[in-house]
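One chain comes next, on its own, written as structure tokens: the form predicted on its own.
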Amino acid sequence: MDMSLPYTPSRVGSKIDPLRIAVFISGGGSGLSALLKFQTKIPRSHQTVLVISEDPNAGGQIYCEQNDVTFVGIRLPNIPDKSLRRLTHEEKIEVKLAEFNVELIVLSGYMRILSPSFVKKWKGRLVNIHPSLLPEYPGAHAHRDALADSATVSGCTVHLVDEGVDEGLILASEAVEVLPNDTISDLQNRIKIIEHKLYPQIIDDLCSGKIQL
């Protein structure tokens, strides 16, 4: 299978033979927690087999311990050249993905930008959730940008990852009202509630073949 093709689908998972997914996190892992809870309620078409973070002390590893999921912290190597540092880091990640036979990568609060070569290899098998209604407010400061724009509505978007910044194929989105006195924290927390419901379901729909690419 040529994984360089745009949006190459993986196999269809099932409750008997779920797709093996790796979740990439950077911090506390609230999205990871929601996903693992979703998976344990009833059998799903996907199963988290590995969680990876660039921070070996990421708070989200506690959810791995509670759910018997392997957590691997892979620090950025001490290489001055930023491009080489990123590629070397991703090579170490690839080793773990191969070791655990990962079929789909789920970005959940992962703050690092993946290289084009990494994205090209995993295109169609690499999914993210962004805290705005894309294409509005891409980038790392979606809540701040929405408030600065006096937006009355924002939300979250589940999308496949491509080489652009928050530009991949949109799989689903859900709107959240922006209230007049919202702070960044207020808006973030309210959107997170929706993220934690939407993301696991769309991941399962993608893995089960309900979403046709």
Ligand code: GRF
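Everything numeric here is computed off the predicted structure, so don't read it as measured data. One rule holds for the numbers: they count along the sequence shown, beginning at 1.
Keep in mind that the form predicted in complex with the ligand is not shown, yet the notes after this line are about it.
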key: Exercise: S30 in contact with the ligand in the predicted bound form, heavy atom 4.5 Å   = yes
request  = Report whether the minimum heavy atom distance between V127 and the ligand in the predicted bound form is within 4.5 Å.
outcome  = no
key: Exercise: R20 in contact with the ligand in the predicted bound form, heavy atom 4.5 Å   = no
message = Is K192 part of the interface with the ligand in the predicted bound form - any heavy atom within 4.5 Å?
response = yes
Interface stretch in the predicted bound form with the ligand - options 146-154, 22-30, 44-52, 170-178, non-hydrogen atom within 4.5 Å = 22-30
remark   = Within 99-134, the residues having any heavy atom within 4.5 Å of the ligand in the predicted bound form are S108, G109, I129, H130, P131
